[in-house]
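Only one chain comes next, encoded as structure tokens, the form predicted alone.
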Amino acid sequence: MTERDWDDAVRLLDHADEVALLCHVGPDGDALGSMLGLGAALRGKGVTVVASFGDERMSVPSSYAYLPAQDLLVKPEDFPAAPALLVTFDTGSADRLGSLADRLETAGTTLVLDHHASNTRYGTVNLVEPAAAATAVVVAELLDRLGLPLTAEIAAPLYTGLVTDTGSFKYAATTPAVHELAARLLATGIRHDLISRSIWDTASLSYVRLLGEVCARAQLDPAAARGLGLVWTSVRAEDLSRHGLALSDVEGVIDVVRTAVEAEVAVVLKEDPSTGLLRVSTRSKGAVDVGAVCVGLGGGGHRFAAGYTSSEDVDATLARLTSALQAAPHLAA
């Protein structure tokens, strides 16, 4: 990014009376947190704000039910058909906007806020900082440049984005600047303990039972990734139906599977009940760039956390992914 990019973004938001906000389908904490954080800040300065994401059955995951400013959210069918200013969050490519991707064609101007290195720069103005630990970091900097104060209503969503994309400050992207931003957000009085409990330490018994089944069928391929190892499992649509869960309820499965010490790469294949497609989540412990692998398979993400969507069945999807992992270069320690 350049100073001109920042200046252009500030100018767009400073002069806007109405803003429409979008994040990617199946939103995580950074996507929702970044969007609602900026939305709350803009509403505080008198801007008319609407926000959404393009899932057919749009719903906020239960682990993020505490997020403030959810009254900004509207169903996809109620989202403006031709917004004057469209802002997208944490979305590396247009297809990740789902059913609302066509708004990129009808919007007067599009501002992209993101931190994915794979971002295709599909906006009129692109604030994309791959070095940022989360899109929430980009939003916080933008708020500073807009001269807007941090309030608890703004800080809670931004803190959510920060902690989810740093794995509660465990991942390599955690820097001194990340902790400094966290301190600023905590100084607004938000309850970080309650936020963390909701994200990581709260689950239904149905989820616990499904997790047991899914982990029980996990498989190890020690020869994958040129000997670094792959552990993988799948979540079937029938699993979700049997336990009364939605696809958004099983995002945390990958965080359990990735702990297996025998494998460098972890993968969870999740069958989308509404489309039959497989949503593929990948994680690396640091020796393989799974972001580059997923980009090559039509998706995107970060070096150590990425994903894509496959129209093939589990066996074919796994075979194609395993082949790509064999060709992926190993990263220096």
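In this text, all values refer to a predicted model and were calculated from it rather than measured experimentally. When you see a residue number, it is the position in the sequence shown, counting from 1.
Note that the form predicted in complex with guanosine-5'-monophosphate isn't included here; everything after this is about it.
S.K.: May I ask you to state whether residue 103 is within 4.5 Å of guanosine-5'-monophosphate in the model of the complex, using heavy atom distances?
M.R.: No, residue 103 is distant from the partner.
S.K.: Are any of the heavy atoms in residue 126 no more than 4.5 Å from a heavy atom of guanosine-5'-monophosphate in the model of the complex?
M.R.: Residue 126: no contact with guanosine-5'-monophosphate in the model of the complex.
S.K.: Does any part of residue 305 reach within 4.5 Å of guanosine-5'-monophosphate in the model of the complex? Heavy atoms only, please.
M.R.: Heavy-atom contact with guanosine-5'-monophosphate at 4.5 Å: present for residue 305.
S.K.: Looking in the model of the complex, any heavy atom of residue 301 within 4.5 Å of guanosine-5'-monophosphate?
M.R.: Yes.
S.K.: Can you say which of 146-154, 93-101, 190-198, 176-184 gets within 4.5 Å of guanosine-5'-monophosphate in the model of the complex, counting heavy atoms only?
M.R.: Single hit among the candidates: 93-101.
S.K.: 281, 52, 284, 63: which sits within 4.5 Å of guanosine-5'-monophosphate in the model of the complex by any heavy atom?
M.R.: The residue from 281, 52, 284, 63 that makes the contact is 281.
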